[in-house]
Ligand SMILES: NC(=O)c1ccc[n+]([C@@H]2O[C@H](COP(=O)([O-])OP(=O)(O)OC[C@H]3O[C@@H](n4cnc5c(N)ncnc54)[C@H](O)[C@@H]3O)[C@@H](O)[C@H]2O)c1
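Shown here is one chain on its own, the form predicted alone, set out as structure tokens.
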């Protein structure tokens, strides 16, 4: 197969491309480099610098492609609250531009990078795929909207659609500017022996999944046909303060905390049921939290 990955230079896309290339597949990375660099792009892949709102370039780039893994888009919840119109344009309009280009190019297989944010404040835990969609941020609303558009492209045009609702990925090669994710923030602060920024005294519960497991979850369903929605998580909820304690144990010294108090809009707890994905493909998260953090800390030490 020849796969085009939008947002392919990013943290998750770079890991997925390596796995595909290692399996002998051909990969095209499509990225505008607005929030990423080519530093972790595999040299075996073809790279195209482009925006998903560029219909002409997309149509050209999709020639000879068998399927698309769609990861391009803006991803910061706080930023989306401040700039909802930008998220509307970049995420939703950009995605529909991509789907239209795919339709014209005859490419009808797409794996979409969605998010657990579509669930908002969950009614039950663990969260299953049939839970109510009730996004509480513009970012989550864009993901839910794109899912709805994919339902339409499946129904009218016969697209094979795999929607993956991620929980909380972390791991090596993660580097955002500014950094918005908890684990890299904690590790950077810990290595610099600075206070770790902590909301809610770390009592929020999240499902942290190591990047290697998440990347494999994109490969497992590639051959599926029809329309599918899968959660991608470890099925284990972990308090954020426990992440701090594990990092402290690995480093061998006590960490200082900067108490940031409460933050409006935070969801107290969410973690996934990934039984549906396991049943359909055999995929299951395998890297333990402590092992994943150990690998991540080691990478940050050297980078």
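Positions refer to the first chain, counted from 1. As the structure is a computational prediction, the values presented were derived from the model and not from experiment.
One more form of this protein, predicted together with the named molecule, exists but is not displayed; see below.
Asks: At 4.5 Å between heavy atoms, is residue 113 in contact with the named molecule in the model of the complex?
Replies: Residue 113: contacts the named molecule in the model of the complex.
Asks: Taking heavy atoms only, is residue 71 within 4.5 angstroms of the named molecule in the model of the complex?
Replies: Looking in the model of the complex, residue contacts with the named molecule include residue 71, since a heavy atom lies within 4.5 Å.
Asks: Is residue 228 close enough to the named molecule in the model of the complex to count, meaning some heavy atom within 4.5 Å?
Replies: Contact with the named molecule, no.
Asks: Is there a heavy atom of residue 36 lying 4.5 Å or less from a heavy atom of the named molecule in the model of the complex?
Replies: Residue 36: contacts the named molecule in the model of the complex.
Asks: Quick check on this chain: which one of 236, 53, 239, 276 has a heavy atom within 4.5 Å of the named molecule in the model of the complex?
Replies: Of the candidates 236, 53, 239, 276, 53 is the one lying within 4.5 Å of the named molecule in the model of the complex.
Asks: I need to confirm a contact call. Of 153, 210, 167, 119, which residue comes within 4.5 Å of the named molecule in the model of the complex, counting heavy atoms only?
Replies: If I apply the 4.5 Å criterion carefully, the residue I get is 167.
Asks: Which is the contacting stretch out of 60-68, 240-248, 259-267, 26-34, given heavy atoms within 4.5 Å of the named molecule in the model of the complex?
Replies: Only one stretch passes the 4.5 Å heavy-atom test: 26-34.
Asks: May I ask you to list the residues of 10-28 that have any heavy atom within 4.5 angstroms of the named molecule in the model of the complex, in sequence order?
Replies: 10, 11, 12, 13 sit within 4.5 Å of the partner.
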